[in-house]
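Below you'll find only one chain, the form predicted on its own, shown as structure tokens.
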Amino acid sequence: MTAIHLIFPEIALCALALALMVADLFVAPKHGRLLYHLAWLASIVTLCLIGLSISDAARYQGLGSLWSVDPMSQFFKMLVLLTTVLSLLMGLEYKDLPPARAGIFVSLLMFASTGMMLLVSSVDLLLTFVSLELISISSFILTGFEKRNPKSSEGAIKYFLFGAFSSAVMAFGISLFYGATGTTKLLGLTQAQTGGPLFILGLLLVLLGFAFKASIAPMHFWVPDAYEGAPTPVTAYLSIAPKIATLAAMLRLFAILLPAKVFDLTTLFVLLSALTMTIGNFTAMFQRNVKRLLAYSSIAQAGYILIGLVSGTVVGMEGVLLYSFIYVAMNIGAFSVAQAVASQSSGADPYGLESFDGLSQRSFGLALAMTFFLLSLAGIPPLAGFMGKFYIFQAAVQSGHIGLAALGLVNSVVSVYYYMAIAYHMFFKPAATEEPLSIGPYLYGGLAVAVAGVIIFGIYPEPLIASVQTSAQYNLP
């Protein structure tokens, strides 16, 4: 196996996760929070390793046996690790996670992140499949981690059943791909190896497997139940990290290595994007539970990001990278506020819209932060979400997909309705209690990072744009 040094960050993160799993056997439950601190510090150490690799590209970027380490993959790895750190900070403030299993919880989160980091670098379908399985198995367990919550178990079972089906479909697709080409490698394929019906069918089944992980319609049915039942830090993590990692893998495969337009698959991607946006937004309008509402919102966001892939241009790839970065801040912030509100709610449904009644009276800062996140998700200027959607829609128009851009704009307008329903409850409904709502320092820190992201990169996006332009230009070593 050549160029193993290129995946030292993944090896380091996996080793640290194993160490924390072993430590769980010896650390008393009352000291379980210590393992959370070690986990987010380990994730930051791995993030620093990737930062060093970017500064020394000649040594730490290149092509290995199964992976390509380049600026684009490094960009998405940093997003995955950033999501991991922020989710772990949420976990420190989440009271329903059993302290006796803190080491197992944080290890599973880090194993899933390792799988995502390998996925975004994969240039071989075998590594792609193994990476997705590592992500899926860890995610199934994390979703059902609240054993005393029936919804958590229900969500985990539905997630597992859909995941098992999608894994079988993808494995069959990889076997067809191998039958058509004689290899599972995605580099160096000749024209004679590609283009036949067996090859196209294999590619479509692989796409179906990706669609499950990225919650692309029609493989999205597991999302609302899994997100509602999972512990909120896990919900926030699953709504972001697996989605952007899978979309990064799809971007590499269908926009760079085997471009969709070469195999006449562009129309299919247009349909998937349109369907995903529309189903996500129009179903979210009828939700009364904020976790389910944000679950359908995350489905719609996947549809927006797909527009960049449809365009197949450099601007489209830049749009995918830009929107993915902004999406981390928007979604982690929204779920953090939801967790803070639910933790001090006395209602029958802690995540119901009624729990947000009068939030501005109990904590004006928290209500204002949530409004920023919702407006950014809707794409309202001058917040960062507007810049992400502008790039995506611009790429669609430049590539001739004006209808898709118009549909995306219509869906953005529709999304304002259900996002502002939360704002209405926060600012115009009377509070059920006058007790001030307070949050812990770790959740506060994560919220501060998220708020800064949606405001600063909305007003001054040039540094972020320069970064994504650099990452999109050098896709393979």
Partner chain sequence: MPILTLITFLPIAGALVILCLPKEAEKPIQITALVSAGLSFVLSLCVLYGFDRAQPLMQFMENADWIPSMHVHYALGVDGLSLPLVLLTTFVTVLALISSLGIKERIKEYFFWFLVLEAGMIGVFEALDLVLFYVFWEMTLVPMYFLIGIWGGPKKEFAAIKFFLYTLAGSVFMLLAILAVYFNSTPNTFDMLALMHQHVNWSARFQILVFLGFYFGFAIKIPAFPFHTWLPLAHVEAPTAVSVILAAVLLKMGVYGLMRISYGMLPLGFAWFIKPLIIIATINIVYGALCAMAQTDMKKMVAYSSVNHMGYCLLGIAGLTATGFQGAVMQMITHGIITGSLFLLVGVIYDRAHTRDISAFGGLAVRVPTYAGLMFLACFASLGLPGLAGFISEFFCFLGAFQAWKVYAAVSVLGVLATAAFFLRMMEKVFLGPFNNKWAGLTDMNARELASIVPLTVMTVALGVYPKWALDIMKETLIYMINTPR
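Being a predicted model, the structure only gives us computed values, none of them experimental. Residue numbers count along the first chain shown, from 1.
Unshown form predicted in complex with its partner chain; subsequent notes refer to it.
Looking at 87-95, 249-257, 385-393, 164-172, the stretch with residues near its partner chain in the predicted complex, meaning non-hydrogen atoms within 4.5 angstroms, turns out to be 385-393. Its partner chain is not drawn, but in the predicted complex it has a heavy atom within 4.5 Å of F428. Interface membership of L38, defined by any non-hydrogen atom within 4.5 Å of its partner chain in the predicted complex, is ruled out. A residue is said to contact a partner when one of its heavy atoms sits within 4.5 Å of a partner heavy atom; F263 fails this definition for its partner chain in the predicted complex, lying far away. Contact check for P381: a non-hydrogen atom falls within 4.5 Å of its partner chain in the predicted complex.
Note on contacts: among T194, T183, N149, Q398, the single residue with a heavy atom within 4.5 Å of its partner chain in the predicted complex is Q398. A single residue from the set L275, L187, L368, V314 has any heavy atom within 4.5 angstroms of its partner chain in the predicted complex; that residue is L368.
Within 4.5 Å of its partner chain in the predicted complex, a heavy atom is found for every one of F364, L409 and Y424.
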